[in-house]
Ligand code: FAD
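Next comes just one chain, in structure tokens: the form predicted on its own.
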Amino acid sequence: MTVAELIKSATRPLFTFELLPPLKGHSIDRVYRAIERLLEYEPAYINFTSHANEVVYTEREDGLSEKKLIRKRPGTIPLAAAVKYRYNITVVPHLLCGGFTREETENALIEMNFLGIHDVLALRGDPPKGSRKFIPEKGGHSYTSELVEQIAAINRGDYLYELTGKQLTEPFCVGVAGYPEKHIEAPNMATDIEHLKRKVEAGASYIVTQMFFDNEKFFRFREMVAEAGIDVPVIPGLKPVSAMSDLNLLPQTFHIDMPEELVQELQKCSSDEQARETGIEWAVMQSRDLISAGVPGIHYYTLGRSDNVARIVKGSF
């Protein structure tokens, strides 16, 4: 079943999580181990992140620098397919605007259709490292809504070039991201909600939020989404604190606030292990509160570590 079908048929909140593809040259076994720690909690589906090319400068023999483009974590779609057929579970590869042309996007969707994968999370992607501005690929998309429109067009059988035999096995189910504390580039929440509405009107079936640590911000976001006439499910996304450095790193990287109570508890910690325990306790509290408020599910950002998420799910669902 697609994500939309899973949400519609669910009799209880869904547990889902996200994994990163291994770094280039690393084994898939670590991904399998992370998944197998969580299988007993019956995840409804698993997301797999996608990563655009990164710019790397290497020194040449003549002392000058040479610019190279590398992709450190390739293989999102093959990895998703391997997991789908190994564990008989719905998988959701991410598709990005950044670093991909429209033709590359179309080819990826055709490959997914061949593999029996019909779910996708559509994202714009971050600006390149060292740049504050997102730069679309030549021949690519500038906004997620454009990417969703292309996927919706393929669902209708409309490709970039005139083709025969256009029928998909089944249409793609598209999810998009929402930001309870607004996207960093949006001037205010109202503008950000309008951008989100365009993504849904383009064809998205559900919304997964960026991480947050204050549930009241999610509840207000959910209200604003409903007030804007957006009527698709909104799934909260949580990232448990796992190290002392998260206290500064997460707000800086993802432009989110941490509640004062959580900050005070983390400041008491003298080791990463203590911070990790605090993160688990906070995420359990968040999860229980969200479930009691009737969310359709909770999506966990694991960054490849699943032992803490297993404890959170066990204590929450």
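Keep in mind the model is a prediction, meaning the values are calculated, not measured. Just count from 1 along the sequence shown to find any residue number.
Same protein, other form: the form predicted together with this ligand, not shown, and the subject of what follows.
**Student:** Where, among 109-117, 79-87, 174-182, 239-247, do residues come within 4.5 Å of this ligand in the model of the complex by heavy atom distance?
**Tutor:** Of the options given, it is 174-182.
**Student:** Classify Q286 as contacting or not contacting this ligand in the model of the complex by the rule of any non-hydrogen atom within 4.5 angstroms, answering yes or no.
**Tutor:** Q286: no, not in contact with this ligand in the model of the complex.
**Student:** Just checking whether Y143 would be counted as a contact of this ligand in the model of the complex - the rule being heavy atoms within 4.5 angstroms.
**Tutor:** Y143: contacts this ligand in the model of the complex.
**Student:** Can you tell me if H195 lies within 4.5 angstroms of this ligand in the model of the complex, counting non-hydrogen atoms only?
**Tutor:** Taking the distances in the model of the complex, the answer for H195 is yes, it comes within 4.5 Å of this ligand.
**Student:** Does this ligand come within 4.5 Å of any heavy atom of A122 in the model of the complex?
**Tutor:** Result yes; A122 sits at the interface with this ligand in the model of the complex.
**Student:** Which pick from Q210, S205, Q150, N215 sits with a heavy atom within 4.5 Å of this ligand in the model of the complex?
**Tutor:** Of Q210, S205, Q150, N215, the residue with a heavy atom within 4.5 Å of this ligand in the model of the complex is Q210.
**Student:** Name the single residue among A186, L160, L168, A228 that comes within 4.5 Å of this ligand in the model of the complex, judging by heavy atoms.
**Tutor:** It is A186.
**Student:** Can you name the residues of 296-317 that have a non-hydrogen atom within 4.5 angstroms of this ligand in the model of the complex?
**Tutor:** Contacting residue: only Y301.
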